[in-house]
Ligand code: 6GU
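Shown below, as structure tokens, is a lone chain in the form predicted on its own; questions about how it binds or moves come after it.
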Amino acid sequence: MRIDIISVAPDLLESPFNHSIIKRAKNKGLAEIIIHDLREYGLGNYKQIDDTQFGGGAGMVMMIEPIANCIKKLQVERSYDEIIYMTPDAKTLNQSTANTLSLKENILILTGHYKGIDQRVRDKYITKEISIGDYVLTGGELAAAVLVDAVVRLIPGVIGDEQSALTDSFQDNLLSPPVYTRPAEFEGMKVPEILLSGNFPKIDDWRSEKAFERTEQIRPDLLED
């Protein structure tokens, strides 16, 4: 998979993509992540990328020309399965979306800043808009990092035990059940006996039951879905 990211602040993305699972995916050649500095496409001597909004109002707006020039240059080099805009006023990222995107070959992500981007960019170029929650960040870089992490970890071969990703929370609209490891007892707190029994069919039943109970208590909305 190749992921291109258009950013006003590319340095913000250096650390998230050079550690842990994402680094492993890159080293294995399973994911290629390329960050493009939008200011390289800025206008004039000062590489302008934003301007005041028509109709007045507070906050600057990212201009269409630099973004369009960058996207068109990248589209000459390859076709994109999705061109994604990270924005708080969109549908919230969920596991189903991450699963779907993990099957794509080429993805382009645009990160917003300031008051947002010229609406014409969204109308002409963007194929999917994604939010990571009902709150506003300084820019879309951290949101893009969240999306990339959620997607790349699902690519076969990235995680050593692929079954692990398939049993994460939200994969079947349930939260994960409680998990335990050694020691079997700590300060009087014991691991449930069923997990020590070696009876794997009953362990699976227990996990399913606990997953349902946790979901019902913490995220009943998932059961409605």
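All residue numbers are counted from 1 along the displayed sequence. None of the values given here were measured: they were computed from a predicted structure.
Below, we refer to the form predicted together with the named molecule, which is not included among the displayed structures.
Taking the named molecule in the predicted complex as the reference, which of I71, A150, I83, A143 has a non-hydrogen atom within 4.5 Å?
If I apply the 4.5 Å criterion carefully, the residue I get is A143.
Which of S131, N106, Q75, Q95 has a heavy atom within 4.5 Å of the named molecule in the predicted complex?
Answer to the contact question: S131.
One stretch from 95-103, 75-83, 150-158, 123-131 that, in the predicted complex, holds residues within 4.5 Å of the named molecule by heavy atom
In the other structure, the partner sits against 123-131.
Enumerate the residues of 73-103 that have a non-hydrogen atom within 4.5 Å of the named molecule in the predicted complex, in sequence order, or give none.
Going through 73-103 in order - heavy atoms within 4.5 Å of the named molecule in the predicted complex - the hits are M86, T87, P88.
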